[in-house]
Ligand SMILES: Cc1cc2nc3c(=O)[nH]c(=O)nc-3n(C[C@H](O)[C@H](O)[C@H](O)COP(=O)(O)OP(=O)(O)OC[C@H]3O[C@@H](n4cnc5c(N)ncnc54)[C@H](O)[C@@H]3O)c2cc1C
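Encoded as structure tokens, the following chain is the form predicted alone, with no partner shown.
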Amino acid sequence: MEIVRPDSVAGVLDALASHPDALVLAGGTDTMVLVNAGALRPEYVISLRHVEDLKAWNARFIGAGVTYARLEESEIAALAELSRTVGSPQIRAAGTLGGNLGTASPAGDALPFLAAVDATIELVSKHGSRTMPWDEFLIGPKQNALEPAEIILGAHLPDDMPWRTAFAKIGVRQAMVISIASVCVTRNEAGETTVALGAVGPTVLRARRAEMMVSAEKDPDEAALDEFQRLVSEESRPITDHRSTAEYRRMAVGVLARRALERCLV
């Protein structure tokens, strides 16, 4: 295994041009599990750890190399909340937003947040950069729209970030766990609400009917919250696997969404 450690985006793209089949490695928190299990043996690895341009972070942009340990300090409630649920302190110090996007797992903890705020993903290659909506980038279970010799630069957040945000997930234990179901809910001052669901479909989902229904409620009462919960569960598309059953996921994601919305209403 040959490893190169470029210190610039241009250096990464040069290395990819020479080795188009190379493994591009950010924190390695997912990839190294496969390597250690003997399921992956890359011949050429391009490490992104020393590329400072990928670590840029401001109010409207999160670089692909920004770690969850840094995002724990975000002023955006849901972003800080989700970051604190990712693995152990060691995992949060290594794992990155770009790694979550690159892996494109339906259970990726950052992905419901990006979906809920309608983030756009910026990609770069030697031919230039391009941006695309999150739902055009995440195209299936562990599938994304990256082209050969292209890397993720980061995620752009909207100028009009929602007034309040909340994230919640459930797993088989309270810490260091892959989501059985997760949600991110946002609500702005006008009451417009978004709901994104993780680990209950082939990729991250938006519960559009639930959003429309609760956005029309200025001050949702118990009946409205019940209906919101029901619609979220109905719009999920879970499967049964070794972590949980489809029935439990469907029930749980509705409960999580309701609790997250109630936090946004306080």
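The first residue of the shown sequence is 1; numbering continues from there. The structure presented is a predicted model; accordingly, all values stated were derived computationally and were not measured.
Separately, the form predicted together with the ligand exists; it is not shown, and the next lines address it.
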* So in the predicted complex, are 196, 201 and 212 all sitting within 4.5 Å of the ligand, heavy atoms only? -> no
* At the 4.5 Å heavy atom threshold, is residue 232 in contact with the ligand in the predicted complex? -> no
* Asked: Heavy atom to heavy atom, is residue 132 within 4.5 Å of the ligand in the predicted complex?
  -> no
* Does residue 48 make contact with the ligand in the predicted complex, using a 4.5 Å heavy atom cut-off? -> yes
* Asked: Looking in the predicted complex, any heavy atom of residue 151 within 4.5 Å of the ligand?
  -> yes
* Which residue among 79, 86, 117, 138 has a heavy atom within 4.5 angstroms of the ligand in the predicted complex? -> 86
* With the ligand left out here, work out from 103 to 111, 184 to 192, 69 to 77, 155 to 163 which stretch has heavy atoms within 4.5 Å of it in the predicted complex. => 103 to 111
* **Sequence-ordered list of residues in 5 to 32 near the ligand in the predicted complex, where near means a heavy atom within 4.5 Å** => 23, 24, 25, 26, 27, 28, 29, 30, 31
